[in-house]
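Only one chain is included here, represented as structure tokens and corresponding to the form predicted alone.
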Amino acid sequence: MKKIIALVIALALCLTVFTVFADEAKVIKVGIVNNPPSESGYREANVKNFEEVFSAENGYETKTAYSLKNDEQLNAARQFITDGVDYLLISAAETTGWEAVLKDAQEQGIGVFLFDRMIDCDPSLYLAAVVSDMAQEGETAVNWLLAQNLEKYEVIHIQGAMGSDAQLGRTGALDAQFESGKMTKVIQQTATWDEAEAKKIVESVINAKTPFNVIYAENDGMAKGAVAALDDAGITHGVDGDVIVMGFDCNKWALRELLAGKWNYDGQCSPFQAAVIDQMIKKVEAGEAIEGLNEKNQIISVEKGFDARELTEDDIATYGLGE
């Protein structure tokens, strides 16, 4: 009997030790560098997605840093490297200035994943990038605008944070039209994703009595601000209105503006990259290769643009962000 009790105790001790080591082994340290949720509805959904996936319940010890300033993001990334995280997850405020930090991470054996936005660097410096094709988003939007066959295109162009991947991509296609002469640049100015700043930009054009018939805003919040300026001035907009209104991100509230005919176009930009990166990390931890990457180590989110005349309630339920 004593031998049986001793055996049971020994097995229990072994099981306890195994459980402790198993629990320790599954905790993965992650540092997330992102833009703040206050930036936009898109970013709010993006931050929430990463908080839900990279949680203690899912086996992660996660540190986060939020800033719209590239230098602050760089400092946060350096601190995470010093803290000894296993992985760095980065949505960069700007595309430049990151190479030294990524090299340092690589030298320290820290795996880097980019999400939402690309960085100008050699693809060997990160394991994978789960991103939108921002240039394609711009091309899709501009091609839709060209298909409207307007007699003239007099465009108010409201840009996002300058130097960000989203701004560069969404600006590029429109710049090509300005350069070709097919469209006229009434004003091109950054509102840094801010609704109130976008309203001021449109008000300045209205007050100057400069003619325009298109507002191309690089996110939904800025489009909302632009529309507020139009409403204050009594200028019609949207389907059958005097001004075409275009936004990006596909927040549900913005898509409802399309459905009501108050806006004309909204370009999709998926904020949900966390689950994909989580699966990649698990593969790396298991010693397996990450599959499905292109030559730039990217996985590109499949996205589309929505026309107010074709949008449905089902589209809003399926593709809309937030509530």
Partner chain sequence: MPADNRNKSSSFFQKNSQLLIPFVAIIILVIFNLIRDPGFFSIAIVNNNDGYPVLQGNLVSIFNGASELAILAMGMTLVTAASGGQDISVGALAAIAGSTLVKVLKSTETITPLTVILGILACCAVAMLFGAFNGMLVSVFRIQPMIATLILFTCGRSIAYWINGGATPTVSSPIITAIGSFIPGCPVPTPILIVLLMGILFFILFRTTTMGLYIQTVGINQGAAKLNGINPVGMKLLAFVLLGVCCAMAGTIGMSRLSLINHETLLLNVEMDAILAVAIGGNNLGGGKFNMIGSVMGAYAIQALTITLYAMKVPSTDVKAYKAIVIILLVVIGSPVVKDAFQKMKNRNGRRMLARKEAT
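Just so we're clear, the structure is a prediction, and the values are computed from it rather than from any experiment. Numbering follows the first chain given and starts at 1.
One more form of this protein should be noted, the form predicted together with its partner chain, which is absent from this view; the next part is about it.
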Does G234 make contact with its partner chain in the model of the complex, using a 4.5 Å heavy atom cut-off? yes
Proximity of E44 to its partner chain in the model of the complex, heavy atoms at 4.5 Å: yes
Looking in the model of the complex, any heavy atom of R117 within 4.5 Å of its partner chain? no
Taking any heavy atom pair closer than or equal to 4.5 Å as contact, tell me whether Y216 reaches its partner chain in the model of the complex. no
At 4.5 angstroms, heavy atoms only, are T96, E99 and P123 all close to its partner chain in the model of the complex? no
In the model of the complex, the residue from I206, A173, L74, V239 that sits within 4.5 Å of its partner chain by heavy atoms: I206
Work out which of N35, S40, N264, Q268 lies within 4.5 Å of its partner chain in the model of the complex, going by heavy atoms. S40
The stretch from 84 to 92, 131 to 139, 147 to 155, 206 to 214 that lies within 4.5 Å of its partner chain in the model of the complex, judged by heavy atoms, is 206 to 214
Contact set, 78 to 99 vs its partner chain in the model of the complex - heavy atom within 4.5 angstroms: none
Per the comparison in the model of the complex, the D315 and E51 C-alpha atoms (change 3 Å or more) are positioned closer
Indicate closer or farther: the Cα atoms of L68 and K224, in the model of the complex, relative to the displayed form, with a change of 3 Å or more. farther
